[in-house]
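In the block that follows, a single chain appears as structure tokens, in the form predicted alone.
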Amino acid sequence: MKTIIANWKMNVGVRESVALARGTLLALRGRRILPEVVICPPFIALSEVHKVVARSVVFLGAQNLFWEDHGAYTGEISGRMLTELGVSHVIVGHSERREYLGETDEMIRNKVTQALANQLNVIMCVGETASERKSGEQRERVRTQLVHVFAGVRLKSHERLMIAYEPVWAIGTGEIPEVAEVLAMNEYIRSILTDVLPEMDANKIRVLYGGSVEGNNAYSFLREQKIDGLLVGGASVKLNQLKEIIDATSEVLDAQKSL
């Protein structure tokens, strides 16, 4: 199985989100093997988009959540509220929130705990900056993020965990790492999680790639069996680009089934 997560960020309003959701459903029609697709519109569009994707094969995700179920937290949204809106997945730890809003590993850990308490599938982002990459500290940075967030976390047998490796320097820049680099980091992430979450079934840990993913480079990552999918940002709000990525995913799944 391959997973495609479309993070629409703050790029679209309610009407555009509904149109994109409908376009996504059309792009999935007629395919023999379907990828797992999660669309993550802005909070204001979740309710209307849910009406479009309810009873479909597309999952509804949120771009963030708060670490408490209720309280005097102006402007925040809780896991309980998200589940009431039909949300099944949530992104935590995105580098943009770390950079612009000062989110720390401790905050992200609390969000992960809250998401799991509300039966939400966690999509956690990790990745290094350009300076960390240049100095050879990318593995240490990713290890620190994973250990700080998941140390002491207990996952239930039915719960899944998605880790999106998104090098900060690749997000929205058009620059991407070599596939071999992503595969090496993928393997490293799995080894860290095996140590931190020894009780978790390794088959329920999915490691995705994200960062300047577009229709013309998606296949090079998707064809690798050890890359479980993609977290797509800017390209996911362009329906033609999203369709190309879905096309590439279906091609890979068809080929893998025939082996």
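From 1 onward, residues are counted along the sequence shown. Computed from a predicted structure; not experimentally measured.
There is another form of this protein, the form predicted in complex with ligand PGA, and it is not shown here; the text below is about that form.
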(message) Whether 37, 215 and 243 jointly form a contact site for ligand PGA in the model of the complex is the question; each needs a heavy atom within 4.5 Å.
(response) no
(request) Mark residue 233 yes when one of its heavy atoms lies within 4.5 Å of a heavy atom of ligand PGA in the model of the complex, and no otherwise. (result) yes
(request) Please run the contact check for residue 111 against ligand PGA in the model of the complex: heavy atoms, 4.5 angstroms, yes or no? (result) no
(message) Whether residue 211 contacts ligand PGA in the model of the complex should be assessed with a 4.5 Å heavy atom distance threshold; does it?
(response) yes
(message) At 4.5 Å between heavy atoms, is residue 182 in contact with ligand PGA in the model of the complex?
(response) no
(request) Choose one stretch from 135 to 143, 82 to 90, 113 to 121, 169 to 177: the one whose residues place a heavy atom within 4.5 angstroms of ligand PGA in the model of the complex. (result) 169 to 177
(message) Need the contact residues for 1 to 19: heavy atom within 4.5 Å of ligand PGA in the model of the complex, sequence order, or none if there are none.
(response) 7, 9
